[in-house]
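We begin with a single chain expressed as structure tokens, specifically the form predicted alone.
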């Protein structure tokens, strides 16, 4: 055994042959990835019996995080939590102070955090921020190994080379205890105010990757832009070690992807890219990252995970129960990298962003779903025969609105033409969005595979009487007419290849007087991006299928 093998991985250089915990090695089994060894060495070395304690003069409070949380330590070239006293994971007091100060008024900031006063002198704040530690040692039994798996290029343009998976380490649903002390005695009322400010900071999310749902608690206060009640079922993700996990970052991925599709339908690609980054964050090239305006948080207290067996394989499936998706306004400033100047959002900007976010949520729910396999309907609901005897894999997802204010996000469908009217109106609203107008972009270039241009996409629909009345789901698994089939073609996609059809069974809501009612029926929608490039026989296969829809099927061309 080499001498270096006796050195904990934490202290080894991140180079080939040493410690490479950020790297997902495709030749190594999931639980044998080096990241697991690194995390286990950390967890084993932690002083589990002696949680760091705050001093008696400290005020403390506990908060539960709905999903994962990470504060990048800035060391090792790996995103991982900061390690504090006795080896415990730690949210640093300096980070806590920064997050707290951003939620203060100028007077509160000067009093509590310190700064330069009206007299030009530097004044220390009266508060001391002691950071946060896990409430108990449960986190030592959790899997800390987490994935960063960007798929935008693959999902929107079929570019498999753009998929790159790296590993980070994060805490799973931690409960943290935070501590604050004061240099002078404070009343109970003032302490209550201080904790309200801290909860306001928590409502924005703390740590890294908060726009994707990391570091979020259940409540979000004024950061909330939209509150959307959702319930979903479908195919869950697996962690690297094969354990099921519902990953809320899929919501941001879907909303961001749809934003770019819609923008590419109304402006040139460069402007669409820049404005998508302004809305959801992104890489700004030489000028650094762009802080996005929007983010997501998801809370599903009744989430259930189970396993579907297909032959010798098991696939995780989820049922979120009644859950809440929050669209958050995380940033109040426009980026000078996008607009050439930085300025604060006005109240009008905020209202317009709320309108745009509402439209993107409506579009997302009308046309598809969220998470893994979002382009297909949940076969367990709409095609259970396919899954009988456990011979086939679980496919797809199904989402519907629930809870309060669901009618704000519904697209009512009295006639199929209502879908056409919504899509026409949506494109007009996106094109006329005031902040986008400021950028003065060019005409659509139609180079993105899934750009939402009328000459690049077709939407077909029909009314399905109930969940057993899906026609198209069977066309994905057999012939649609005679010997003609689109099964496993570039149109429908296959393992490792993004197809060109989305299939959705959208719950049909109708207006009855002033109220919206769920009818029990569905609007069956197929969104098709016809082949423009590829083998002639594949292009012909798509043309044949579109001709079938036009002349032989129950579907109507809606857009």
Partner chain sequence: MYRKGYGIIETLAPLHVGATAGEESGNLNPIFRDSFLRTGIIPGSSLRGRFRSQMRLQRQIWLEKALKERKIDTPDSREIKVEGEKEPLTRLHWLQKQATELKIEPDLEIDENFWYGKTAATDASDTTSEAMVKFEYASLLWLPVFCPGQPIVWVSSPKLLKRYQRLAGESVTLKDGKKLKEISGSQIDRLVYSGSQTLKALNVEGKKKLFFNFGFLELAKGMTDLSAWFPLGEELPAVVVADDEIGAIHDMALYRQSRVRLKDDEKRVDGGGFFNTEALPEGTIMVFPVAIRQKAPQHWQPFGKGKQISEIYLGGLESIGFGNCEITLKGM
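Numbering follows the first chain given and starts at 1. Quantities reported herein were computed from a predicted structural model and do not represent experimental measurements.
If you look for the form predicted in complex with the partner chain, you will not find it shown, but the lines that follow are about it.
- Looking at 148-156, 459-467, 287-295, 162-170, the stretch with residues near the partner chain in the predicted complex, meaning non-hydrogen atoms within 4.5 angstroms, turns out to be 287-295.
- This chain is drawn without the partner chain; in the predicted complex, the residue among 183, 243, 283, 305 with a heavy atom within 4.5 Å of it is 183.
- Among the residues 175, 128, 218, 200, the one placing a heavy atom within 4.5 Å of the partner chain in the predicted complex is 128.
- Contact between residue 205 and the partner chain in the predicted complex is found at the 4.5 Å heavy atom cutoff.
- Of the heavy atoms in residue 337, some are within 4.5 Å of the partner chain in the predicted complex.
- In the predicted complex, at least one heavy atom of residue 55 sits within 4.5 Å of the partner chain.
- Although the partner is absent here, residue 10 is a contact residue: one of its heavy atoms lies within 4.5 angstroms of the partner chain in the predicted complex.
- Within 4.5 angstroms of the partner chain in the predicted complex, the stretch 328-345 places a non-hydrogen atom from each of 331, 333, 336, 337, 344, taken in sequence order.
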